[in-house]
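In structure tokens, one chain follows: the form predicted alone.
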């Protein structure tokens, strides 16, 4: 990934009648990065992707790709190509002819066309499968054909609209790693739309989180997870326990707070929070809490509670603990080392946590 911007959007807005689908979208994407737009259904992420591609117009703002303004440039003239959620490959054509479809308008010689198509098939590990009919392929193979058909046009930017949503869980996870490997090997910019937080975090250099047409936060996955800018982003990126708190004192990069159920705490200021008042909200990730039958040692805070429910997820167990002073139960995630569940509903337990694990989420 270079420091040079390949895509720049400035104050982009799109309306459908009175409904604002995308509002004041300003974003710069780097050459060679894997960027994901993440958010719930209807948040505007697919509309934003279609605007970049040229499939959707916009009322306001400016889009530049590789230094060239895209105003009035149609989709087929832009240095982008798109992989759709449905793949949109032709079932009656062979793999080779599916991949070659767009190239045939380029007036290449047969030798040049064959070389480009075979190189694209090699990229997606479909070497030697050009003669197969598309309807003879598995879901993962069809997805690779769609990728090859987009990559054969040698775009500067590849746009992906929920490209893995049609795959089963195991294949989807395998293809996440495959897509990331492919992007790193060819070095072009990938822009992906997804509503799957884990998919975005697994694959992306940076993620932009959208809600109701607005871009809330753009950052590396680990920063979004550790320092979300508000409750909405925190709730969408991984599990989170939310606790109301009162600000006692702010001193440089430290906050002294009084948190419901937890008492007085000293926590780090979250630099991404934009607004903070006397009423605060804090967050604690479920995996940051220790659970024990007796009061644990070595923690900044310890609280007592009662197991309300237990959920077994195979690789982990989630305990839901009622704590005096808190309206919501506290979720605790424990890796399942021995395939056992240690506590049951009604058991008294202790929770321990370090102040450094508590996330300042700003105004409550």
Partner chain sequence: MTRFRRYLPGLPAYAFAYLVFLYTPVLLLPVFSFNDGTIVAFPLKGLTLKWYAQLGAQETLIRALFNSLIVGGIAALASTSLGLFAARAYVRYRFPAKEMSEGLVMLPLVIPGIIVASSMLIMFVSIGLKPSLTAVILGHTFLALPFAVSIMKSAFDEFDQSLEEAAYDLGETIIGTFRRVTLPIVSPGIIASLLVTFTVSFDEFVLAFFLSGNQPTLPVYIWSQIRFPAKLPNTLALGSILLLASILLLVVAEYFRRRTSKTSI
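Here, rigid core means the biggest group of C-alpha atoms that superpose within 1.5 Å across both forms. Positions refer to the first chain, counted from 1. On a predicted model such as this, the values are computed, not experimentally measured, just so you know.
Although it is not shown, the form predicted in complex with its partner chain is what the next lines describe.
Novice: Select, from the options 202 to 210, 147 to 155, 117 to 125, 221 to 229, the stretch whose residues sit within 4.5 angstroms of its partner chain in the predicted complex by heavy atom distance.
Specialist: In short, 147 to 155.
Novice: According to a 4.5 angstroms non-hydrogen atom cut-off, is residue 312 in contact with its partner chain in the predicted complex?
Specialist: Flag for residue 312 set to no.
Novice: Does residue 81 make contact with its partner chain in the predicted complex, using a 4.5 Å heavy atom cut-off?
Specialist: Within the cut-off, so yes.
Novice: Answer for residue 247 alone: is it within 4.5 Å of its partner chain in the predicted complex, judged on heavy atom distances?
Specialist: Taking the distances in the predicted complex, the answer for residue 247 is no, it never comes within 4.5 Å of its partner chain.
Novice: In the predicted complex, does residue 74 have a heavy atom within 4.5 Å of its partner chain?
Specialist: Residue 74: contacts its partner chain in the predicted complex.
Novice: Considering non-hydrogen atoms and a 4.5 Å limit, which listed residue (285, 276, 142, 172) is close to its partner chain in the predicted complex?
Specialist: Only one listed residue qualifies here, and that residue is 142.
Novice: Would you mind picking the one in 252, 91, 131, 271 that has a heavy atom within 4.5 Å of its partner chain in the predicted complex?
Specialist: Only one listed residue qualifies here, and that residue is 91.
Novice: Looking in the predicted complex, is its partner chain within 4.5 angstroms of a heavy atom from every one of 263, 297 and 343?
Specialist: Heavy-atom distance to its partner chain in the predicted complex: none of the three under 4.5 Å.
Novice: Taking its partner chain in the predicted complex, which residues along 98 to 125 bring a heavy atom to within 4.5 Å of it?
Specialist: Heavy-atom contacts within 4.5 Å come from 101, 102, 104, 105.
Novice: Once the core is superposed between this form and the one not shown, does residue 291 show a C-alpha displacement of at least 2 Å?
Specialist: Shift at residue 291: below 2 Å after core fit.
Novice: Once the two forms are fit on the core, has residue 220 moved its CA by at least 2 Å between this form and the one not shown?
Specialist: Stays below the 2 Å threshold, so no.
Novice: With both forms fitted on the core, check whether the Cα of residue 134 differs by 2 Å or more between this form and the one not shown.
Specialist: Yes: residue 134 shifts by at least 2 Å between this form and the one not shown.
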